[in-house]
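The chain below stands alone and is given as structure tokens, in the form predicted on its own.
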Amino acid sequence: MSEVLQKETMLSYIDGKVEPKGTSISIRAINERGREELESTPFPTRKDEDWRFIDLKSITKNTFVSVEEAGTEEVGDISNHFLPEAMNTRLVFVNGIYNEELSSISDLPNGVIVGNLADNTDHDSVKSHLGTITNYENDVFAPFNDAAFSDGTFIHVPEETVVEAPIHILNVFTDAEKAFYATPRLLYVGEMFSKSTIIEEHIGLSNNVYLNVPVTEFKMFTGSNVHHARIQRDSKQASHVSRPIAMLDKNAEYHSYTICLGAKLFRNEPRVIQNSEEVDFTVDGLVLIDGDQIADTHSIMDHRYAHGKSHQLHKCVVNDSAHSIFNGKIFVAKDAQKIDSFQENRNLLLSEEGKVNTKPQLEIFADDVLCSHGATIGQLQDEEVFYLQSRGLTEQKSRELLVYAFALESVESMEVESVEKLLLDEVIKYTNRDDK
């Protein structure tokens, strides 16, 4: 890698400099901060330890323009992507831009705010928390979102409020004349003892090239609870680099489930930060990839105080020449005693050309903890296939059933029936490939 390329920043792959887009003072201040960081932060290369397994050509070989310059197509009818449980609790963003006509927010408890950021920048929670939770060091993608976003999702759940209906954040991307970038943003603030379910989807409606760089910030106050499902079904020519982060106060619960199905390159860096004692959080994931897809998860479960419980089960199914990478870190600070943390990465290889790199990590500076981690990489067992054949199934159907069973545990974590059915259909579609 040449010295010149090592010094390139994210701006090298954007058509012109990213100018502040926010109309409010608070968003423009974040835009300015992000642009300053971008100009001084080099773009990652394989010489960087955290990026050494990734081919970033899907980003570096393209020049991305703004959505306004890309010549994007009209969105058309997307009602088949609406969730029946969230027909009146839905926000829709088309190519990163809020679409009020397709959104529907009319079924919320008193005081709950679900809307776009640009219309809520005067809210105290936006002023206090927007842009304050992300803390990715030496990173170009979070600052790029900071520099380029002008709108996004804002969710505020007041104290002791339960939102029964799931809140659906639907990000759809249409075909375009030029490769474009989008910077979805989500700020969630759950006040004391609040509870809700968030379904965040990213869907490519065509097979075009684009760069999707979402940032999600969750501020969880004392006793708050959220179930956060992230479903990534971007175009298989797109690149998706996400930065989801949550900060938990005392007795808060944050349960995150990420499903990766699309994108040519998917890089996900979830972080959960324990901001007080007695928290409980989950960072589970399911990856189903084939062709030449790359799926890379770098996660951090950051335990800073005593009495915390965390769980991570990351499952990957890899076919063809696809490549899965996992680097999960459990961090336990000094004096953060009584931590109970579990982490496991299970990988199923369906082809000889597929590749898996896995590196679970423990960094523990306390002495009274119960922490475990592990990783497995395997193929379908001939004995299991033979057993199912002896019960009347064909070899193909036997293999499909075993893959389905492997993925099922992750899908069953969904709390919304239509989402569970959607994911089961996706798993069936993946396992029923004729060329497997």
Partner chain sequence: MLEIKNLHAVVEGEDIEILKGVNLKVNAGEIHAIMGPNGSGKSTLSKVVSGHPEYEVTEGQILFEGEDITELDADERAHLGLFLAFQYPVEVPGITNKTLLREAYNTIARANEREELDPLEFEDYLESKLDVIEMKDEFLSRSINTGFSGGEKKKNEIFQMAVLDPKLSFLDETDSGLDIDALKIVSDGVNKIAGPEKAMVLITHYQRLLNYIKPDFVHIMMGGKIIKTGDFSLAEQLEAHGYDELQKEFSLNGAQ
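Numbering follows the first chain given and starts at 1. It should be emphasised that the depicted structure is a prediction, and the values quoted were computed from it without experimental measurement.
What follows is about the form predicted together with the partner chain, which we do not show.
Only one of A375, L380, A29, L401 lies close to the partner chain in the predicted bound form, with a heavy atom inside 4.5 Å, and it is L401. Using a 4.5 angstroms threshold between heavy atoms, R52 stays clear of the partner chain in the predicted bound form. In the predicted bound form, none of the heavy atoms of R46 sits within 4.5 Å of a heavy atom of the partner chain. In the predicted bound form, none of the heavy atoms of K57 sits within 4.5 Å of a heavy atom of the partner chain. Using a 4.5 angstroms limit between non-hydrogen atoms, S40 is distant from the partner chain in the predicted bound form. The stretch from 390-398, 32-40, 65-73, 364-372 that comes within 4.5 Å of the partner chain in the predicted bound form, counting heavy atoms only, is 390-398.
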